[in-house]
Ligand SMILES: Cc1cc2nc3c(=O)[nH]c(=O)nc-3n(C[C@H](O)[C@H](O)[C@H](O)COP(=O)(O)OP(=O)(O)OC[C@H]3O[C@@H](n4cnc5c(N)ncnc54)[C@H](O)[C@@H]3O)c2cc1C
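Listed next as structure tokens is one chain, alone, in the form predicted alone.
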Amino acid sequence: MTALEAWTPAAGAALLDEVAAACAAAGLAVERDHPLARQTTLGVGGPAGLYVECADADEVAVLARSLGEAPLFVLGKGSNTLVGDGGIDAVVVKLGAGLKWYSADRYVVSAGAGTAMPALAAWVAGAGLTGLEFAAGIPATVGGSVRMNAGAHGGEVAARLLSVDVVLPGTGEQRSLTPDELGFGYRRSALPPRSVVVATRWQLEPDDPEAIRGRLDELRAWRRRTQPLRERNCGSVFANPPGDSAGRLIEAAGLKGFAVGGARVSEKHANFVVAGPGTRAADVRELIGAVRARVQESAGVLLEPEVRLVGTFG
């Protein structure tokens, strides 16, 4: 079976010190060993080697020019992320209030990368625009949703996106990319390495606001009925294999309620892992690996993780 891999950067103290000094010289505040567990929806994991919160696109450009060769991880709402107990030995950037915005020019909607997808879905519905109803079921930021081509309820980011503005490392240049340049696939994109999404544009269509709100209400009610929204989780753990459902395969393997340490497969939806008190990131990773192995044994299907594993697990 293919190993359950994590992205394990190793910047080292000296390199992070260089980035911290360059950021400070440019007026950008940084923090060493910032705890990340409280900024993920699972509530587990260790600290960031270097943590930076960028208020707007200009500060993202400052950070990009200060990076040198340091690895970079962009943290959105932390809903699709499992941070290892040993933390992330890299620069971790969080997008601030100046990147949480949206506007419309007739049927083209622009949105900052820090905007929550459900908030964007609700706003465009009020403006009488349809095409982003699926976003109400995605607990992520706009930028994070672009990076993974997030989707739900038959819709996905790539279907409505016109362009994405990214800030490139080294120069801090801001470049606009089309969907063709982004290399979208199922739950993936090909954004330039260490780039940061700062803005997006979407092509939508007019519709009756009441009809759109009705569809949103149905989607929200469905999520409340079928997903463990009141428990700590990271969203869907596995991508659906072609022609099937990861949740169905996990349930068919008898794994609802299966637990490792404080982590367990949700009894409400088998493609969700929930974290109870005292859960370690290592518990969640071990549980995901065990579920994957059991499904492959019982159904002959190797599930691919949708959640991103980052940092050091011990």
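Computed from a predicted structure; not experimentally measured. In case it trips you up, residue 1 is the first one in the sequence shown, and so on.
The same protein also has a form predicted together with this ligand, omitted here; what follows describes it.
Engineer: Scan 108, 221, 229, 190 and let me know which has any heavy atom within 4.5 Å of this ligand in the model of the complex.
Structural biologist: Exactly one residue meets the criterion: 229.
Engineer: Quick one: from 148, 90, 121, 182, grab the residue that has a heavy atom within 4.5 Å of this ligand in the model of the complex.
Structural biologist: Going through each option in turn, the one that passes is 148.
Engineer: Using a 4.5 Å heavy atom cut-off, indicate which stretch of 124-132, 201-209, 173-181, 137-145 touches this ligand in the model of the complex.
Structural biologist: Every other range fails; the passing one is 137-145.
Engineer: Does any heavy atom of residue 102 come within 4.5 Å of a heavy atom of this ligand in the model of the complex?
Structural biologist: Residue 102: no, not in contact with this ligand in the model of the complex.
Engineer: Taking 4.5 angstroms as the cut-off for heavy atoms, does residue 164 touch this ligand in the model of the complex?
Structural biologist: The answer is no: residue 164 has no heavy atom within 4.5 Å of this ligand.
Engineer: Would you check, heavy atoms only and a 4.5 Å threshold, whether residue 84 touches this ligand in the model of the complex?
Structural biologist: Outside the cut-off, so no.
Engineer: Does the 4.5 Å heavy atom contact test between residue 51 and this ligand in the model of the complex come out positive?
Structural biologist: Flag for residue 51 set to no.
Engineer: Using the arrangement in the model of the complex, list in sequence order the residues of 64-95 with any heavy atom within 4.5 angstroms of this ligand.
Structural biologist: 73, 74, 75, 76, 77, 78, 79, 80, 81, 95 sit within 4.5 Å of the partner.
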